[in-house]
Structures are given as C-alpha cells and as structure tokens.
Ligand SMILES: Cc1cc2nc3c(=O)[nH]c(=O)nc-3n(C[C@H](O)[C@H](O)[C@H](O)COP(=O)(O)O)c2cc1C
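Here's a solo chain for you in structure tokens, the form predicted on its own.
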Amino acid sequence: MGAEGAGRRKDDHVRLAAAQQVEPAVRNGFDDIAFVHHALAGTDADRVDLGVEVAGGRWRVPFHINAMTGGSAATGRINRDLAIAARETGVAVASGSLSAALDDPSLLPTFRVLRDENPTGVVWANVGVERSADDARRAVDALGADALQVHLNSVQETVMPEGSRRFSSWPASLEAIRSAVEVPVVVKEVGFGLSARTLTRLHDLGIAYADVSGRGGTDFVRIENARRPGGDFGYLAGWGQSAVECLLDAPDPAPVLLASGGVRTPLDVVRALSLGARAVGVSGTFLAAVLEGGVDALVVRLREWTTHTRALLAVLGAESPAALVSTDLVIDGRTARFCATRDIDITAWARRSDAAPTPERSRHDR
C-alpha cells in the first residue's frame, strides 16, 4: 500500500472512530463497578498526589492520551494538537501505529510532530507485533520515544480488507522486539482485551507492562467492517472482554497493568485504578474533544479530568492512585456474570477496606 492508500486508511479510521463517539451512550463494563460510599472516609483534595510510576517514568497524572493516529496530512494535524495539549498539561501521549511511516518515510513527519511539539514530555511510539526488531528500533528512534507500545490486533486484522491472517509468529516476534529496544515495552490490545492466559504468557515472555485495552470503546471490528465492500464481518462487533473484566481476571504474577477501552469520564479512570491498573489510557473521548474544538478544547478537558480525578480520590479517602485498591467495590451486571463463570469471588471486592493487603494491591508497587 502506497502513501496515498495508507493515508486514506488512516483518515477512514479517524472518521469512523469519531462517528462512534457521537452515537447514543451505551453501558459498558465500567458501569458495572460502583464504589461503596463511606461518608466519613474522605480526605483533603490538596493532600492527594496523582503521580504514578509508569514504564520507568514519573507521570503527573494517572491517565494518558492513548494511541490514535498518524500517516496523513489530516492525522498529522490531529497529532500536532495532541502534542501541544500534552505539553501544556504534562500528560503523557502515545502515537498511533508507525507502520505506515516505517514503510514510507515521507509520512514520518505526521508522527514526529508528537515529539517536535512536545520535546520534554513523555511520548510513546507504537508498532504492530508483526514488525521486525529493526522496525521497532526505528520507531523508537523516530520519536525519541520513552517507551514502545506493541499492539496485538488479530481480530482487527481479520476484518481489515488488507489485513494479515498470519498470527502464529507473534510470540517470537514480540520476544525479538523486547530484546531489541532499550526502552520499556508495553503490550496492548486494540479494544478486545487481554485474557488471564495472555497476561501469563506475556509475563513468561518477559513483558513488564501490558495495557488490557478492552471492549466497550472504539470498536475496530465496526471500523474495518465499514471499509469492506460487503460489510460481511458485522457479526463480530462487540468481540472480546472489557477492560474491567480483564483487570478482575488478571493473574498474579502478571505484567504491570494499564487499562483502556471505553474510558469516558474521570470516574472510569478511578474505577480502573481501583481494579489494579497503574494508569489509564484514553483515546476516543480525547479525540472527540480535538475534533470539536482543537487543541484549546483538549487542554480544557485534560485539566478538568485532572481536577475531577483528584476530587474523586479525596471523596474516597485515597491520597494516591495506589490507595484506591483498598476501596470497596460492588460489581454488577454483565461483569458479575463474567466473574461467576471465571470463578472470581466478587464479594471479597466489596469489603476490601476491612482486609489485609492482597495481591491485586501489590501491582501498584512493582
């Protein structure tokens, strides 16, 4: 695929992802998580430190602008706005997949703008797991990246008209990439979730960080199916596990967990943190802000999320994101049914504040 075709595909992805953002709101896994309210448990907001340690760096807030786009003039402008907003607020940002630029260097500036406009901020590069170790090094070097996301997307590839159908080499490829780059590697799905079995496999492969990136946000089955002439894969919409289900089912040991997929509000951020995520990635919600109002709108949104996240922690009596794993949670709906079939005792989560430290709490301290 040439530069024109790659750019057209990237523009299609943004257009179709944005269309999903304006659809009527539907429940997702985060709606199945409610905090038990303890009216005298709160602390002062100015005592809350939102900082977290992620992939060798200290972040000011426990959420980031997650992988989105790049590869065309229009998506380059989006990346410029993302970079400026990240610079102005101190929020980490991850690039979209650099595959197009690795194949056609003329497209690199549409990704490089993330670093050019944000020279001292946290910037992550992104490649697909099928790329070579040399490609991974080139991606990191191209952005001066602080870490490398490696995405797993077999379901997307299956529906994508020009996608791959060869997945058996992915574990070996992932090992090669991990060994080749000198920055931390963060393995992430693209919205279909990382199962307990997959997280165990990643741990055994030496992967230290994983973004479970679950069902409930941007649905790449729907995006790629809309690009197919016959639209014949529509029945796969909604495939996979939610981020909430993945966090509840995560094994120990496992990589340090990040969460994304369907994060709509600061409350969803706090819910994910309470379930053991070290930090939370947001794509669709922040993309919508940029498309609606440009960089200024996203700066306002990021600052609002910071203020609201701090306020929610204060209500819950948590002076740090790590302290949220002692909060009491009631798990309901589809998530509760998932837990029942996976033999996860959800009653224990409702009385965590009475219990001694548990394995899920230790994920914040690794």
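This one's a predicted model, so the numbers in the text were calculated from it and none came from an experiment. Numbering starts at 1 and follows the sequence shown.
One more form of this protein should be noted, the form predicted together with the named molecule, which is absent from this view; the next part is about it.
Put simply, of Ala100, Val181, Val122, Val190 only one has a heavy atom within 4.5 Å of the named molecule in the model of the complex, and it is Val190. Comment: 67 to 75 is the region of 67 to 75, 136 to 144, 173 to 181, 197 to 205 lying near the named molecule in the model of the complex, near meaning a non-hydrogen atom within 4.5 Å. Looking at Ser283, you'd find a heavy atom of it within 4.5 angstroms of the named molecule in the model of the complex. The named molecule is not shown here, but in the model of the complex it comes within 4.5 Å of a heavy atom of Leu287. In the model of the complex, at least one heavy atom of Ser260 sits within 4.5 Å of the named molecule. Taking the partner from the other structure, the named molecule in the model of the complex has no heavy atom within 4.5 Å of any heavy atom of Gln241. Heavy atoms of every residue among His13, Gly217 and Phe220 are located within 4.5 Å of the named molecule in the model of the complex. In the model of the complex, Gly96, Ser97, Asn126 are the residues of 89 to 127 with at least one heavy atom within 4.5 Å of the named molecule, listed from first to last.
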